[in-house]
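Here's a solo chain for you in structure tokens, the form predicted on its own.
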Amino acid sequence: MRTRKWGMVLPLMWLVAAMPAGAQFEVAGRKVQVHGFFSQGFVLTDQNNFLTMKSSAGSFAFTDGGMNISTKLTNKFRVGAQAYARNIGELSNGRVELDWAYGDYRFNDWLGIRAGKVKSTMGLYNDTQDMEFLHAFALLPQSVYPTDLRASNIAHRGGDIYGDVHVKKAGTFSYVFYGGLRSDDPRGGYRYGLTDGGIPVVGSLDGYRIGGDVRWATPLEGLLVGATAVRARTELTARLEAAGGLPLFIQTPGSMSLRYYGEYQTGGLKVAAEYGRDYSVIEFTPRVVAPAQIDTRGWYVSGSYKFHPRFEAGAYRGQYVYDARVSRSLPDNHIDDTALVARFNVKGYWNVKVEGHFMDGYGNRAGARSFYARPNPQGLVPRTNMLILRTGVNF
């Protein structure tokens, strides 16, 4: 059934992708804009299967696409929405979801509000991570932007207050403060990882997210620095399979996520760096499992250069550490990733990327990320090399 469902979505995505670069028409005298994107990838690893794909044998199960529509109802009030679907190994399975949908009222440069299902600003690229055509890389650094947790991190159901403050000779300060209910993905990596650990989720995953981001476009043209802080609560009910399916209520009373980042662009050069920390205390009811503390860290440094309008090359080095209180040298507590990419812009709306990854560790200590136990029944090995071929179109 899932395969048949996805088989209906893909031709639709290709049809959307074949449309001219940006469709615009009028309804009742108002301009309506329609945009979309689609990407298809092939992943091959020499060892561990990656992101639940059968990548050690080569996998084409790396597909996503979306379409959005927006219009201005007045000079200050805009509404829009986006539908999104993806199939990555055993994740998502082509489930079409409402990625975002909100109304946005901009009073002036320094004050605006939006409400609905809103993309969460967290670090440099969280709210644009699905738009592969905006980035040089086929896969953003997984140390900070895990693809398997995308749907859990990308949006909240609530509202934002935002604005830009222009300071003469000091650049521009942009801010956003937001709050709302967190997103749940019934076929995403968060649930998949819990099931992998023997505690499958029963019912919905609930909680809230409150955060803020401040970034500074400095007087040095092209240099941006910023920081994000997010406090969140997660609640869910699971079954403890080791205790015969005992119902287990799990909550994180107040996890904290921090991001510090910088980006510099000049000419064809773009360099970026980001550091993230996610700290949480996990409580279980009944207390058949002791409370746990997790201090996760992640960072990367990246660079790319556009040698020609049709060719760009880049690289990044990143590290993910599941729990910084435990030795980072353990293969089940870290993933070090070095990536090299070549991007070819065949047309303004069509790109092809060839990317190589050299990974050490598999970061599977009491919680999966990228590498899971079920797709690797033979066990996980410390080192993995990976090739990604990805092509995308957008309009």
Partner chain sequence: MKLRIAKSIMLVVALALPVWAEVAVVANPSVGASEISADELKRVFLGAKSSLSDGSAVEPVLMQSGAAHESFLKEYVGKTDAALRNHFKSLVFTGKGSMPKSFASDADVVAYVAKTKGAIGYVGNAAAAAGVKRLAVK
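Residue numbers count along the first chain shown, from 1. Note that this is a predicted model, so its numbers are computed, not measured.
What comes next is about the form predicted together with its partner chain, which does not appear here.
So, Gly58 and its partner chain: in the predicted complex, are they within 4.5 Å at any heavy atom pair? Result no; Gly58 lies far from its partner chain in the predicted complex.
Partner contact for Trp100 in the predicted complex: its partner chain, 4.5 angstroms, heavy atom: Trp100 belongs to the contact set for its partner chain.
Answer for Asp278 alone: is it within 4.5 Å of its partner chain in the predicted complex, judged on heavy atom distances? Contact with its partner chain, no.
Check Thr338 for me: does it contact its partner chain in the predicted complex (non-hydrogen atoms, 4.5 angstroms)? No, Thr338 stays farther than 4.5 Å from its partner chain in the predicted complex.
Thinking of Ser183, Arg239 and Gln251 as the candidate spot, does its partner chain come within 4.5 Å of a heavy atom on all of them in the predicted complex? Contact check failed for every one of Ser183, Arg239 and Gln251.
Partner-facing stretch of 36-44, 322-330, 50-58, 355-363, counted where any non-hydrogen atom is within 4.5 angstroms of its partner chain in the predicted complex: Selected stretch: 36-44.
So which of Lys72, Arg317, Arg233, Arg157 gets a non-hydrogen atom within 4.5 Å of its partner chain in the predicted complex? Exactly one listed residue reaches within 4.5 Å, namely Lys72.
Just to be sure I understand the contacts: of Arg259, Arg78, Arg95, Arg297, which is the one whose heavy atoms reach within 4.5 angstroms of its partner chain in the predicted complex? Looking at the other structure, the residue within range turns out to be Arg78.
So which bits of 183-222 sit within 4.5 Å of its partner chain in the predicted complex, heavy atoms only? Residue within 4.5 Å: Glu221 only.
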